[in-house]
Each structure stands twice: as structure tokens, then as C-alpha cells.
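There is one chain below, alone, in C-alpha cells, taken in the form predicted on its own.
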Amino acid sequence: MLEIKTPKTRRAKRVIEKRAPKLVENGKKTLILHGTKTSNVLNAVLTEIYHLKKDNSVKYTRRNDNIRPFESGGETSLEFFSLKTDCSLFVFGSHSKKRPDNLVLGRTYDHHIYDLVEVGVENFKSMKSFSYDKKMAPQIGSKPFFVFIGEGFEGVEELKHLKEILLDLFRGEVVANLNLAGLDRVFVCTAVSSNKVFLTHCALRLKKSGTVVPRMELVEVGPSMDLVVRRHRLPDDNLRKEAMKSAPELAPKKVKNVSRDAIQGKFGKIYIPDQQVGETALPYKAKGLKRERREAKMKGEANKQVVKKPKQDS
């Protein structure tokens, strides 16, 4: 039987409470690792990915001989590092004659491998190779835009999977409200072919347009590279359903007689009871009613006088 270790210090208790499941989870952290052998290009790619995600990423520079994500038993060390650093995303770089400049992008669920995409890096250009005003450089912690160009992201299974992982990798923490000043960069992904994607990073310049919405200009700041999809592994259906579960407390409460439409927006039905107009009290009495009642009263008194009999003497 496995031995269950309980925390003995307050610091260890705080760490365990921080990693415990929550209704609203923390932002996803990224683990960056090197394989047995890496090239200069791959070292530059991993370093620049770390700079783009410096606020929520962990980078190890030591070589790892035992990590082979696509092989059975080769993911044990990777899952150990994921548990140790509390990272749910990882980028693993390796270089070999069969697969040069190889990047493995993946996600974990409960610190076990969830899905994987293996890509090859070609035509890499670092940030230093672009000349631009350094004041325009994107700030750490800012939110990026994403642009996916090409039909392959909707029809090709490999590119659809790569799109999901790229969104998770670079979008940062999920927030409810955004400030326009905090949107200062954009990732442009272009599907060149059924297995090749051109990825570039641009800065946004906001200029006056004469309206409330400013005019935007894109300035390429790097890095840029071509990603050639080699292998990918989708999660099992049962594992996907388990990972997509959400707490019932976060489910929106259903409001009766209210529905939403893509065109009309929010609309609903209001119940109004039948109005009895005849029984409704009027705020004033019309003069005609007063005259009719006065005439009816006088007529009734006259009839009483005629019907009244005279008294008889005994």
C-alpha cells in the first residue's frame, strides 16, 4: 500500500492548499525543458518562449535523457517535473538527425499527459533580428490578440489541435474584463499548407482615427518561425469529458421565461393578469354621473311622497 504523507509545517500546508482544486482555477503555468541534445536554433526558441511567458513559466536548462513524451514510460520524468512545479503546460525541445529542431507542445491533466503535438521549427527569426522602437515592445502580463488565417484551422485535424494548444500556451490568465491599453500585441498564425503554419509576433500601435475606436497598425517584433506538424496525440474521449467537467456552483442559474438569441439578444415573457376594467376605481367622478344620481334621488323622494298614506283619526 502507498504511504500517505501529511504536511507537518505551516509552509507545507499552504503549498498543498494552494494546489488544491478550486472553483476558479489559477492561470496555467508553462514548463520549458531541454532534451538530450538541442541545437542553437532550438535553444533560442525555448529562451524566447520563456521571455514571452516570463510571468507564469518555469525553465530548466539541464539536459534530460529520460523524457520521451510519445513513448510509453518516457513521460514519467515529465509528469514528475509537472507535479513539482505545478505546471499544466509544457514545451520540450530536442534535436536529432531524424527530427531536427523538434518541439513537443502539450498539456497535462492532474499532472498526467493529456495531449501532445510535435512540430519542427524552420526559418526561425529571433527578436534581435527585428528593428523597431523599443517603446513599442509588448509589456509582461499584457493580453494578446490571436489571428488564425486559413481554412486548415477548421478542416484539418492536426491544425485544429495545434490551434487549441497555441491558444492555451500564449493567452495567459483568463480575465472577465479587459482594458484596451493592455492589448498591445497579436500572434498571427497562417496555415501555409495542411501541415505547416507560419507563426509571427507583432506589436500593436494605436493611432487616432477620428472616432472612439482607434486605428491599429501592426509592427513585427518577433519571434517568427514556421511550424511543421509531425506527430500529434489527442486525448481519450473519457479523459476529455472528465477534464471538461465544471463545478455545479459555476453553472448559470436558469431564469424562467427568459431566452437569448444571436440576433435579438436577450428577451423574455412577462405575465400580466386579466384586468377587470369595470371594477377599477376611478381617480375622479364625472359631473354627468353626479347629475344623474341627483335626478334619480329627487325622483325617488317624489314617489315616496305620493305613495305615503294620510293618518286616520281614532
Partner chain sequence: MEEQQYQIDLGNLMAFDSYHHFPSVPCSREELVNECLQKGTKLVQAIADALFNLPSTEDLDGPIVTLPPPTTRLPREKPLPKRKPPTKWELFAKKRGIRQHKKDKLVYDEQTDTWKRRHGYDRVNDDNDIPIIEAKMTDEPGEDPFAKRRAEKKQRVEKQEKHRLQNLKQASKVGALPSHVQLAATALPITGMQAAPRKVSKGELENVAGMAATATASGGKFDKKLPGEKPPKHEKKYRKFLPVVEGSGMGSLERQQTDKVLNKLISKNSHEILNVEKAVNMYNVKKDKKRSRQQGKSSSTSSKMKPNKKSFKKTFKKGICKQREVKMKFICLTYVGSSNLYQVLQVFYFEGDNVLIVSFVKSFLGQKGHRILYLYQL
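Residue numbers count along the first chain shown, from 1. What you are looking at is a predicted structure, and each value in this text was computed from that prediction instead of being measured.
Heads up, the form predicted together with its partner chain isn't pictured, but that's what we're talking about next.
Contact annotation: residue 258 falls outside 4.5 Å of its partner chain in the model of the complex, judged by heavy atom distances. Contact check for residue 110: a heavy atom falls within 4.5 Å of its partner chain in the model of the complex. Although the partner is absent here, residue 81 is not a contact residue: none of its heavy atoms lies within 4.5 angstroms of its partner chain in the model of the complex. In the model of the complex, its partner chain stays beyond 4.5 Å of every heavy atom belonging to residue 276. The candidate stretches are 238-246, 133-141, 90-98, 71-79, and the one lying within 4.5 Å of its partner chain in the model of the complex by heavy atoms is 238-246.
This chain lacks the partner; the member of 127, 229, 186, 234 within 4.5 angstroms of its partner chain in the model of the complex by a non-hydrogen atom is 186. In the model of the complex, its partner chain lies within 4.5 angstroms of at least one heavy atom of each of the following residues of 166-189: 167, 168, 171, 174, 175, 176, 177, 178, 179, 180, 181, 183, 186, 188, in sequence order.
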